[in-house]
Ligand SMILES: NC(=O)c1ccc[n+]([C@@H]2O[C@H](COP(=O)([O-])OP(=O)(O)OC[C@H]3O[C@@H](n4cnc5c(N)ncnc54)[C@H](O)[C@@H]3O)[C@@H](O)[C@H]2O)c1
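Next up: just one chain, as structure tokens, the form predicted on its own.
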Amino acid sequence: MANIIVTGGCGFIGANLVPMLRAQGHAVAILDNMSRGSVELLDNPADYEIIEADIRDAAVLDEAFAGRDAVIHLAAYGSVVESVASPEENFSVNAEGTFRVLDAARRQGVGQIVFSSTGGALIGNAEPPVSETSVPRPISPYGASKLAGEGYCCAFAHSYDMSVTALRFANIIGPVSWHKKGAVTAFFKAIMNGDPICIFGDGSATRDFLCVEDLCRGILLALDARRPGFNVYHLASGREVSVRELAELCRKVADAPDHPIVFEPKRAGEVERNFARFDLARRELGFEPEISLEEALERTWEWFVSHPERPGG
């Protein structure tokens, strides 16, 4: 059993991850400033030590990280569109915040960090499928901030003999995501509220969607592997899906095949095509997605419908 602290653990991914950590027998603490997450999202808040604080507060991090075996760093300013509108805040939370987390881990002797990075936004407009060998050329402040975070992860791993793993997430979908700003949430909200589904661009842009349960299994595999030095892995489905196809699937899952779709101008900072290979994660971590996009959408829709109180929304 390890003593693990999860930054941003009251958010979408954290709320799905922490019960899985507990099920493995780990002691789990959560550090979250509650700006985007909520204790209401957790399965059973009493099971966790919850610290309401900001990752940029070095003194709080020192106290929170003392005696921990590992940090899973999920806390982030996660929107491409918002990063274009507010690049300063995005840099502060994602780049400076990640540095603060790594530096506190160094001071407190925490030997293992798992860092939540990103695939598409970090790589930019490269010919897919992308992989760990693709050259990063981010086109949004969000992608740049995650690239900066990976840079510091690599530096700290080699300078201070730490195990640091950066996981480049695909677009994550699944239960407990009502408060998120991604396409699936937006499409399902539109259907539920009787509003048209809004697609930015002509719908030909593509993404790689991964169920949050598969993602969390990948995080656990990275944690268990504890590979020395700095390692990067894409956690993805390997399936390229257009935004228009995604909207059609959402309409089908919601039993609303004729729900209207409208098209708006493309937004700055968003890549045209993106999906990733996960061969390296399969080979070195044993990662293999188990849940199809269709099943993940069904799970997401069922959670939305069965939670009218919309925790965290």
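The first residue of the shown sequence is 1; numbering continues from there. If you're wondering where the values come from, they're calculated on a predicted model, not measured in any experiment.
Note that the form predicted together with this ligand isn't included here; everything after this is about it.
Student: Indicate whether this ligand has at least one heavy atom within 4.5 Å of a heavy atom of V164 in the predicted bound form.
Tutor: Result no; V164 lies far from this ligand in the predicted bound form.
Student: Given that the partner is absent here, does S140 sit within 4.5 Å of this ligand in the predicted bound form, heavy atoms only?
Tutor: Heavy-atom contact with this ligand at 4.5 Å: absent for S140.
Student: Evaluate F12 for contact with this ligand in the predicted bound form, applying a 4.5 angstroms cut-off between non-hydrogen atoms, and reply yes or no.
Tutor: Close contact exists here: in the predicted bound form, F12 approaches this ligand to within 4.5 Å, heavy atoms only.
Student: Please tell me whether any heavy atom belonging to K180 falls inside 4.5 Å of a heavy atom of this ligand, as the geometry stands in the predicted bound form.
Tutor: K180 belongs to the contact set for this ligand.
Student: Sort through V93, I191, C153, V110 and report the residue having a heavy atom within 4.5 Å of this ligand in the predicted bound form.
Tutor: Looking at V93, I191, C153, V110 one by one, just V93 meets the 4.5 Å heavy-atom criterion.
Student: Here the chain is shown alone; which of S131, N171, S86, S242 has a heavy atom within 4.5 Å of this ligand in the predicted bound form?
Tutor: Answer to the contact question: N171.
Student: Name the stretch: of 191-199, 153-161, 117-125, 224-232, exactly one has residues whose heavy atoms fall within 4.5 Å of this ligand in the predicted bound form.
Tutor: Among the listed stretches, the partner-contacting one is 117-125.
Student: Within 50-66, which residues come within 4.5 Å of this ligand in the predicted bound form, counting heavy atoms only?
Tutor: Stretch hits, in order: A53, D54, I55, R56.
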